[in-house]
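Just the one chain here, laid out as C-alpha cells, in the form predicted alone.
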C-alpha cells in the first residue's frame, strides 16, 4: 500500500479502522465529552425514537435519556438497517457493482475510493484525465449532497420557500450529473483504471445554480429565526471530528489536501474553514462548499476522450485509498488474491459522525434534535454494512 500501514499510528487515524495514514503533525488525541453535570439529574427515563418515523430519511433507532427536557445522553443504533454484502471471491469489477450501491446517493465517492484501492493493490496506472474526471464526479456529488443537507435543515424550521428552492437546485444538479455520466447516481461511470463521461458544456448551468444558491444562502443568514435554531445547537469540538464537522470547528482536516488518492493539491484547492463548532457552523461550511465545489468543477476541462484501463502489473496485493466524501473521510482497504477480492474493509465517515452527534446532543433539548442530526449529514446506509 502506497500511503497506509498497519500497527501503532504515527499520524491521524482513518475512521474506526486499524489502518492509518503515514503523516506527521496531525491530530491524534481522543477527547470525550464531559457529562458530569448531567449525572445526578432526578427522574431520568428513556424513550425510543425510530426506527421508522416522521422526519427521518432512513431507518435508525434512537434511545434518548432525559429527566424531562434536557437530553442527558442519546444512543444511536444503525444496525436496524444492517446489510450483509457478499464481495469476497468476486473479481473487482463485479464487486464494484455492489460497492457503488452501498449508498447510491454517494455512489461516486464509494466507487472511486474502492477503484483507487484496487488500482493501488494491482499497481494499475491511472491517467490524469481519469483522476480529474473523478474529482469532478465527487465535487458534483458534494454539491448535491450538501444541498440535500441544507434543504433538510430548513424543513424542521418550517422554511418551505427555501426548502423548495434548494430542492429545485438539487434537481438541476442531478440532471447535470445524468447528462454527463448517463446516470443520476453515476452508476457504472467508474471502472477499475478509468472513468467515463459525455462532454457537455455545463458551465452556464453551474453559474446559474451558483448565483441562485448564493442568494438563498444570503437570505438564510439574514433570518434570526433560522439562525437561532442552529447557533449553540450541537456544540462539539473534539480532536476526532472529520468532514464538515471538523472544518466548522476550525480544524484543517480534509482528505482533499492530505491524501494522495486524487490530485486536489495540483489544483491549489483550499477547504472552507469556520470557527463555530455547532449546527450553524456545519451549515455554513456546507454552504461554502457548494460554492467552492461549483468553482472547482468549472475549472476542470471535462473533455470527451476515450479512456481504457491499463493492464494490471500484479494479480494480487494490498491496496488502500482515502478520499473526502461529502460526509468526511471515506477509506477502503482491499486485499486481492488470484485476481479476486480476498478481504475488504470500509471505514465510513458516518460512523465517527454518529459518535460526534451523540456527544453533541448532551445538554440539548429534543426540539434541537432534527437541526443537529441533519447538520452532520449522516447516512445510515453506509454505516450499517458488513462485508462477507
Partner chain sequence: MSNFWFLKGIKKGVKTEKFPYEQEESPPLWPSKISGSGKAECPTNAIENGKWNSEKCIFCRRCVPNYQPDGDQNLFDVSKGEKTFKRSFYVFPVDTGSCSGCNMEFFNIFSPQYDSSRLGIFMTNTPRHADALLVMGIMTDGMREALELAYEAMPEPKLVIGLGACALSGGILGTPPLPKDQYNIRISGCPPSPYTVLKALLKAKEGDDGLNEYSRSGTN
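Positions refer to the first chain, counted from 1. Bear in mind that the values here come from a model prediction, so they are computed numbers and not experimental data.
Another form exists, predicted together with its partner chain; not displayed. Remarks below refer to it.
Per the 4.5 Å heavy atom criterion, its partner chain in the predicted complex is contacted by stretch 58-66, the sole one of 338-346, 358-366, 318-326, 58-66. In the predicted complex, no heavy atom of residue 236 sits within 4.5 Å of its partner chain. In the predicted complex, none of the heavy atoms of residue 140 sits within 4.5 Å of a heavy atom of its partner chain. In the predicted complex, its partner chain sits beyond 4.5 Å of every heavy atom of residue 264. Put simply, residue 259 is far from its partner chain in the predicted complex: not one heavy atom of it is within 4.5 Å. Proximity to its partner chain in the predicted complex, taken as a non-hydrogen atom within 4.5 angstroms, holds for one residue of 187, 274, 269, 194, which is 187. Of the residues given (229, 81, 72, 131), 81 alone sits with a heavy atom within 4.5 Å of its partner chain in the predicted complex. Annotated contacts: 295, 299 and 376 are all free of its partner chain in the predicted complex [non-hydrogen atom within 4.5 angstroms]. Shown here without its partner chain, the chain has 93, 94, 97, 98, 101, 102, 103, 104, 105 in 90-107 lying with a heavy atom within 4.5 Å of that partner in the predicted complex.
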